[in-house]
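What follows is a single chain, given as structure tokens, in the form predicted on its own.
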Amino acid sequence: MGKDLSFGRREFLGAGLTAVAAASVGSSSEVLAQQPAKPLPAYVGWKDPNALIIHSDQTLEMKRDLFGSSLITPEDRLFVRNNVKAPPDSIVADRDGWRVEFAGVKEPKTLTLGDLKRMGVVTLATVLQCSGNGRKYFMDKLSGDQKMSGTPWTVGASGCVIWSGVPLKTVIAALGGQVTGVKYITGTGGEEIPAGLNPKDLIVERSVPLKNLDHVILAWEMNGKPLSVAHGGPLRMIVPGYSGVNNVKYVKTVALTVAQTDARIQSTNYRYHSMTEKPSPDHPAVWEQPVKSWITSPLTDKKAGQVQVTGLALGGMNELARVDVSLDGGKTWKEAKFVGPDLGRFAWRLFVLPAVMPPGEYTLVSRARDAKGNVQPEDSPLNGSGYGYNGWRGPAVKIMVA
């Protein structure tokens, strides 16, 4: 395996940026929001089809105009991203009987979900965000023969949800504590791998640095309800502040390991690499979410007068310190105000800037800053897979005020 690659992606991605054109009116989410809803795949048939953009059976994006102002994202609107086909509903037929193997501890053991529920419980709000959220803004600035695969997410591959489960450190302590030399927490998903294929090519198995042990939870509930199959039920490993792929669904093995897993989804996929390189274990892994924000309202033309400009901001691993809003595409800025409850450092915050808008054209953008001084950049350095976009320029909204 490669060396520990826990340093920030900014240290790796120092290449110059290509020029970015001004954002067009609204975004692809707003355009698609006007189109008739497509039929939903069967495993998410209970979701609101009018709230989602169906990119594929395994990639569904929430429409930007439906984020609202209540902070918590309703499950029937929450985005979906599966790396492999979701398991059948039978996986949750006996939730408490679900078995999880624990390794890398002094007393290795297999526990049921029922056992875990008796060991402790915590509740935590986190931003759940696909690693490729914002990829469309990378795609918009490709030039020449440059190509990028993946779903053209805008901002809707994200949500803020409340998890309930047991702290992983509580389970590890009950099993005698960690063995010496371990550096990672490795979770393995329970998706079925088709016969005849190499499991390491398809299995969802992710490793994150051991420093996250104080925060990781094994969650069986989301937003007050048992986890659905679409979102990882009966049990999901939640790594607060980390991008979605690290929050392993249908978790069946949790191991404290010396090295990162050699599964393809870790060794070569979900790595920050340049447009001309092939991803390898020597490239930084897609782990921590960066500071980020975007405007949620208004998204369409308005009448002149008083307007409440609202948006959402997240600090990734850190608490948010402030958000500034610009009505003229970043030429001038005003500090916005956080509104609503603070649900903790791993949740997002709603912000608002009251503004009087005379007739004219406006370009609305927001720029977040976390408590450690990290500032959301104007743009994000291009990378080969379109991961981790957090620029403020890409999701800009242009409106006319008459």
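Numbering starts at 1 and follows the sequence shown. Keep in mind that what you see is a predicted model, and the values were worked out from it rather than measured.
Quick note: we don't show the form predicted in complex with a small molecule, though the next part is all about it.
Partner-proximal stretch of 103-111, 326-334, 245-253, 289-297 relative to the small molecule in the model of the complex, 4.5 angstroms, heavy atom: Contact-bearing stretch, as computed: 245-253.
N83 within 4.5 Å of the small molecule in the model of the complex, heavy atoms: Output for N83 is yes: heavy atoms within 4.5 Å of the small molecule.
Heavy atom of G165 within 4.5 Å of the small molecule in the model of the complex: Answer no; every heavy atom of G165 is more than 4.5 Å from the small molecule in the model of the complex.
Contact test in the model of the complex: F79 vs the small molecule, heavy atoms, 4.5 Å: Within the cut-off, so yes.
is_contact(Y184, the small molecule) in the model of the complex, heavy atom dist at most 4.5 Å: Looking in the model of the complex, residue contacts with the small molecule do not include Y184, since no heavy atom lies within 4.5 Å.
Among the candidates V204, L124, L213, I172, the residue which, in the model of the complex, approaches the small molecule to within 4.5 Å (heavy atoms): Comparing distances to the small molecule in the model of the complex, the residue within 4.5 Å is V204.
Selected contact from I217, C130, L312, A285, since only one has a non-hydrogen atom within 4.5 angstroms of the small molecule in the model of the complex: Contact residue from the list: C130.
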